[in-house]
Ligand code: T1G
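Heads up, the chain below is alone and in the form predicted alone; it's given as structure tokens.
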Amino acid sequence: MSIVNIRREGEIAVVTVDNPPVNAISAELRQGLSDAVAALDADAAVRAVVLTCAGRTFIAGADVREFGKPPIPPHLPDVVNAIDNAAKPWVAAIHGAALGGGFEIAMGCRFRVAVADAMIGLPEVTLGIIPGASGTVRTPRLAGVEAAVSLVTTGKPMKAPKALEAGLIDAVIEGDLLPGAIAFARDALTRDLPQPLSARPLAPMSDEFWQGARKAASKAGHQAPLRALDSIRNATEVPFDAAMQYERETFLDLRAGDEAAALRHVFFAERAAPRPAVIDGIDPRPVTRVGVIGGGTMGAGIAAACRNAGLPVVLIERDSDAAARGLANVTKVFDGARARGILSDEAHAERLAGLGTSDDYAALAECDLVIEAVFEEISVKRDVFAQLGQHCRTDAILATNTSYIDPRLIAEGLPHPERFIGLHFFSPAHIMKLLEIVPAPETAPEVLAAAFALAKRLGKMPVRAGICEGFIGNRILKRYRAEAEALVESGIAIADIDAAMRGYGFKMGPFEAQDLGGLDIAYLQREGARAEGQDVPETLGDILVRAGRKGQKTGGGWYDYAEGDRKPRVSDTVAGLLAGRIAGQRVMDLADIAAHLVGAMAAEGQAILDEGIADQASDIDLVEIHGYGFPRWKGGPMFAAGRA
């Protein structure tokens, strides 16, 4: 059976695309649509055409199997043009998502209708490319230049009611979509039909508008949004056919580039990460109620993340005063979301209604999962797990949020150790997407599967990590910082190193980031290792902390900060403190600095792979992108090293 089928509803032809699971735009689908235009134009009994899709969605975008391969005719721009110039008007009936090429096909139709929960969008810039089948050319003709710039340069999808308001669709259908779309088509035939989009003129915009749009698009950090903006501007200044040629050339140029390759790599890694082979066919242990031990910044963030996912939470602290502070910390998270318009008053109340607090571990009796998020000190954590072993059900999953400590030491002596696992959240836990999942040797398969299921429910990016100091992310971070300090000792300016990493795509360089988070955090971890008898060399950061320079919170770390101002200033004090460790001055090209530091990250990543701490290189890239600010358009350190 064909994936593009035609039937008649009187004078209305219904073209149904059936290419499961998401009706992706394969070569067969493109050919089927092209053939349908020709057949229906030749059918005198047909006056209009409704394009609909079987399954759970409209055409949701390109066929990922064709990514990175030479395009196969008929090419999508030709298919969209054929629909746009069809003798019979087409009506796109949208449910689910019409994304990328799917929405470009919909724009080829004379009309677009959608159910209320449908979504439209042109997300190509998130893959390092621009729309290649008229997205930058037809969108401004359909809804105006401002709407086109917003939709195309951000890549953010839009729900149907907002799309209607923006002029991107013609109607929101109440009730069944197909009968509503057919009725819309019949009604449209009683009125003058609008011009095809290819025939509609566009007025130029002011230079001030383009300057503002360019400033906004540049914030993405990579070139695709800016190139998309250029294509939209070009579409306002040249005829339709010339604009289409410019768009296609830009699309093909970007598709062959490093940024698009990197973003495709990340796209496929993100698709695969939630479903690792190790949990294939394993039913996760159910989690319907969560306990969190510790109401500080991390514990409050974890509790908020669970409440946002609809999970009831019990927050445990050492005494009633600490429990009240923990509740206040979680409440502050939701207060902020309400102030930003993310939560309504009702949703705010609902979040808090599902949160209980106590200083009694007996309150955890009904919890399916308990996450420990207390101070990073093994004796404190072991005391917590001793209590959990006494008060929790024997089938309850018990998790530690440790960043560095060997989870096996934390859970030593725990009854039923098969229920124990490491869940390393990143702060702020209700915002940061990364979740390192660290199974112990005894962890049961269904507990590991439950951790991945929890990550999906919380909207996290899960990566399995083996046990070593710092797991994947913090181990690489330690190497990154050590290499950055080594460059300083060799005579390279601290500010040059930070500038190099910002130029590479990080929001902050390594020293700026330490000043923001606090130098004392890593210092205390090193001091703890020294107290246990480990030989930990003194770092430059240690010298600064011992001099009272812990970062922005003390008015100085690697840089000086004026009161109430977070702008870093090169510090003469730091130069004096570190003078004995710095071998003069030398200049290094910023690109070479960045290449050196990214290379060091990749080298540590390779060691992690060789030791079996990570399952695959793409997992390391996901950790760095989602937990440590590595620019996704560079693909992660492992991908970048492979392209160097």
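Start at 1 with the first residue shown and count on from there. What you see is a predicted model, and the numbers here were worked out from it, not measured in a lab.
The same protein also exists as the form predicted together with the ligand; that form is not shown, yet it is the one meant from here on.
In plain terms, the part of the chain that comes close to the ligand in the predicted bound form, with a heavy atom within 4.5 Å, is 263-271 out of 484-492, 447-455, 263-271, 109-117. Residue P123 is the only one of G473, P123, P439, P196 with a heavy atom lying within 4.5 Å of the ligand in the predicted bound form. Checked against the ligand in the predicted bound form, the candidates R581, R56, H596, R47 yield a single residue with a heavy atom inside 4.5 Å, and that residue is R56. With a 4.5 Å cutoff on heavy atoms, A93 does not count as touching the ligand in the predicted bound form; it lies far away.
Contact annotation: V64 falls within 4.5 Å of the ligand in the predicted bound form, judged by heavy atom distances. Among residues of the shown chain, G132 is one whose heavy atoms approach the ligand to within 4.5 Å in the predicted bound form.
In the predicted bound form, at least one heavy atom of L99 sits within 4.5 Å of a heavy atom of the ligand. Taking a 4.5 Å heavy atom cutoff to the ligand in the predicted bound form, the contacting residues in 10-37 are P21, V22, A24.
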